[in-house]
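Only one chain comes next, encoded as structure tokens, the form predicted on its own.
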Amino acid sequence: MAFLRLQDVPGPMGWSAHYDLFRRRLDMGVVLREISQAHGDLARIPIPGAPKVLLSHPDDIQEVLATKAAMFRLFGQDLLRRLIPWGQIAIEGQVHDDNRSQLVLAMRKILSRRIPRLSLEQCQRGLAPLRDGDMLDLYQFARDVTLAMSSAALFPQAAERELTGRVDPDAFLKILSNTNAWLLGIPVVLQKMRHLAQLPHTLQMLRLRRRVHAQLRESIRLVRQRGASGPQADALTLLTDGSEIGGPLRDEFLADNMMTLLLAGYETGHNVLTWAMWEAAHREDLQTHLAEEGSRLSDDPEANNEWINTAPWTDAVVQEALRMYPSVWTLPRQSLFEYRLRDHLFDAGTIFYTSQWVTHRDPRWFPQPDRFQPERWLEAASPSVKGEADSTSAVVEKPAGRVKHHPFAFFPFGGGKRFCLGKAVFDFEAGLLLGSLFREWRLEPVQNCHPRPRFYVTMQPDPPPLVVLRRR
């Protein structure tokens, strides 16, 4: 059988296409969707350097992310290794798998032991300064609360206060704002030229990394020196002691993974929550549903453990925000070997882009994909998976009266063995924040405020969504 090669894959070509994508690089998700709509489920992406192919069909996405994941490496991994050489996101193979099992167990334990109380405390603390008639920046509000939640869950109380003061979210966001999928896709020599042009921001990020790493190492030393007594409730103590998770995480992994969990835990979560609040602000009926469910929250943290399972509207708003505005909007993989997909044969080194933004907004899987409709999640005939997906499945919802979704038609947390570590924690914290906010406040969008997604490493709103608060 004769196979088709890369040159047979349709897609925009030539220097004009390269320039157009460079010019629209911060709208890259939109451009990828246009390419998919014009050229089909298998299409070339006009970025210079190694060949790049966009996969839009869930069958192909599942194969790359899960079924045949061993044939691929993370794209952009070299850059990640320079920043966090021992972080889970930067390592592969058995080393990745062994350390991941300990991290998963630690996250499950803090979810049951610490998240309910700390999440409620941080929500109450974040809501306390709000006043009737205030104009609220939803992006900053969500960022501050989720950063506080993440640090409280990951670190002992003394270390938490110290670390939160040292983390500079603005420095982190500046480096993100100068790194996008277009930049990571171009040849290394061009990347270096781009980084030189942004040298002040790069140096600021490196200084931030050094400061946080130094404090993390000091926190690890103090935890080891103090020793553990009784059940541990924070991730750092669990991973440092190791008695409850099958052994301690080695020192070279601890600092990098704790920093990864801290930054990723709030950066990805607060983006989704920003959009969820902004979309809800445009629908009075939706706010009423959220307020009614939020009124059932208890001041007893443990009583809220099962609350999200009895708050269908709140869960539906979160799911719909994850569908329309996935913070991690693309998951590129680079083939390690010659790879056959459909009737095509691709050379080793080909980069395959899978994009939540593109597939989540495909009308084949989600009718009226550009409308924020939490109702689509309320008619689910099968429950959503709240835990970690296995190597060939992801979160799936089956609305009544519609064709069952393919497992990878909705994959905001990825899939396969790199499925997001913090999904269960995010589910709880997101629901609790929305319930706590809307039971006290009604949101009115500020006129002439029209945020749009900007596609950096994560997807962020620009300008920040602004609302006026009205006391219920």
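This is a predicted model, so every value here is computed, not measured. Throughout, we count residues from 1 along the sequence that is shown.
Omitted here: the form predicted together with ligand HEM. The next part is about that form.
Give a yes or no for residue 333: in the predicted bound form, does one of its heavy atoms lie within 4.5 Å of a heavy atom belonging to ligand HEM?
It does: once ligand HEM is placed as it appears in the predicted bound form, residue 333 has a heavy atom within 4.5 Å of it.
Does any heavy atom of residue 418 come within 4.5 Å of a heavy atom of ligand HEM in the predicted bound form?
Residue 418 belongs to the contact set for ligand HEM.
Any chance residue 410 has a heavy atom within 4.5 Å of ligand HEM in the predicted bound form?
The answer is no: residue 410 has no heavy atom within 4.5 Å of ligand HEM.
Test of understanding: in the predicted bound form, would residue 261 fall inside 4.5 Å of ligand HEM by heavy atoms?
Residue-level check for residue 261: yes, a contact with ligand HEM.
Residues 88, 265 and 425 all lining ligand HEM in the predicted bound form, heavy atom within 4.5 Å:
Every residue of the spot touches ligand HEM in the predicted bound form.
Ok, 304, 287, 356, 350: which has a heavy atom sitting within 4.5 Å of ligand HEM in the predicted bound form?
Partner contact (heavy atom, 4.5 Å) among the options: 356.
Option touching ligand HEM, based on a heavy atom within 4.5 Å in the predicted bound form, out of 108, 361, 213, 96:
The option sitting close enough to the partner is 96.
Pick from 335 to 343, 134 to 142, 247 to 255, 99 to 107: which stretch has a heavy atom within 4.5 Å of ligand HEM in the predicted bound form?
Going through the listed ranges, the match is 99 to 107.
Partner contacts for 316 to 350, taking ligand HEM in the predicted bound form and a 4.5 Å heavy atom cut-off:
If the 4.5 Å heavy-atom criterion is applied to ligand HEM in the predicted bound form, 316 to 350 yields 322, 327, 328, 331, 333.
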